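A single chain, nothing else alongside it, follows as structure tokens in the form predicted alone.
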Amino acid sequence: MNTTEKFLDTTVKFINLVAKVLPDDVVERLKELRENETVAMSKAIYDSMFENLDKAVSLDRPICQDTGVIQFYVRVGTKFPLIDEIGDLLYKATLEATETVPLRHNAVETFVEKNTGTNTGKKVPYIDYEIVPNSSNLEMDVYMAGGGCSLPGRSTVMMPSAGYEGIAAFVADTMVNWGINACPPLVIGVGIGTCVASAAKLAKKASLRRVGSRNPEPKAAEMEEALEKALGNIGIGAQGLPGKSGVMCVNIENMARHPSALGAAVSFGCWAHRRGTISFDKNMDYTLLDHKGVTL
């Protein structure tokens, strides 16, 4: 098997894993929330979630029937041997995984309004690139963006006078008005930038950070903790029913902004937060960063 075949084969197997096994940090947080839950109905729902996770493995089926739109967040070194082929290979991996996992057909061409039946289409799978100078490695997040967790996403631009209190209010309003549609408990990514586009991109990347991680900026970390506590105490529990907490974490990603604008966005991940990170070296040997002890 040459390097191209090896990369493609491993990526297909990794998509299969992400569809059927949640990352370690998400599982641990779900266990913690189940243990702390005091509302009987929410407790029962957590039990059904873990039964779901067990059956996904034993029956070799995706955790949720909505396997989402495949999104790849790629950090690729300028010396990575397959740098010129990544887009084509991820497209082929999505086609193959659709058949072998299998994945539900979730790519509908806009205006044509026709499902392609392959999970591929115009700019799908979605691929986000970051170039890493002087590196021969590739690190990649694979994420399955389901309809429920995509629906509540919001982005806006405020007057700077709104301040961080305005951002907090925007996130809270979005959670209260739309969060139950995203199948709580939720991973909540918050982006702070200048325009709707930069804030939305940061919010998505924030939602892909590990549960329990903190922004290295102390004030941002403080805001993460405050929002996590506040949103966890509003009474939305598992699957949007009453419960002790409907929040797994709040992660914030930020950038320098224009002094005359304050962009904010929020992106949600559902309880079945199907995310995984894999790294490849120049020989296409891989390391799994979120699924410890697993071999593809």
Partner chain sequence: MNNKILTTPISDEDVKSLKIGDIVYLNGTLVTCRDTGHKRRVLSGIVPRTDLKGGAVFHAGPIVKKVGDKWEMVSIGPTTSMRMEKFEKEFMEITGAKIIIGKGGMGEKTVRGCVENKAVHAVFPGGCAVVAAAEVLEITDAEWLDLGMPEAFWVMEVKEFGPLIISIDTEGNNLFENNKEIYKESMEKEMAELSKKLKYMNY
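Numbering follows the first chain given and starts at 1. Source: prediction; values computed, not measured.
As for the form predicted together with the partner chain, it is not shown, yet the points below apply to it.
Please run the contact check for Asn254 against the partner chain in the predicted complex: heavy atoms, 4.5 angstroms, yes or no? Asn254: no contact with the partner chain in the predicted complex.
Contact flag, Lys123 vs the partner chain in the predicted complex, heavy atom cut 4.5 Å: Judged by the heavy-atom cut-off of 4.5 Å, Lys123 is well away from the partner chain in the predicted complex.
Does any part of Asn177 reach within 4.5 Å of the partner chain in the predicted complex? Heavy atoms only, please. Asn177: contacts the partner chain in the predicted complex.
Is Gly163 a contact residue for the partner chain in the predicted complex, using a 4.5 Å heavy atom cut-off? Output for Gly163 is yes: heavy atoms within 4.5 Å of the partner chain.
Are Gln71, Val157 and Gly276 jointly within 4.5 Å of the partner chain in the predicted complex, each by at least one heavy atom? No, because Gln71, Val157 and Gly276 lack any heavy atom that approaches the partner chain to within 4.5 Å in the predicted complex.
Which single stretch, out of 87-95, 166-174, 206-214, 136-144, brings residue heavy atoms within 4.5 Å of the partner chain in the predicted complex? Looking at the partner contacts, the answer comes out as 166-174.
With the partner chain taken in the predicted complex, which residues across 30-67 come within 4.5 angstroms through any non-hydrogen atom? Counting only heavy atoms within 4.5 Å of the partner chain in the predicted complex, the contacting residues of 30-67 are Met41, Ile45, Ser48, Met49, Glu51, Asn52, Lys55, Ala56, Leu59, Arg61, Pro62, Ile63, Cys64, Gln65, Thr67.
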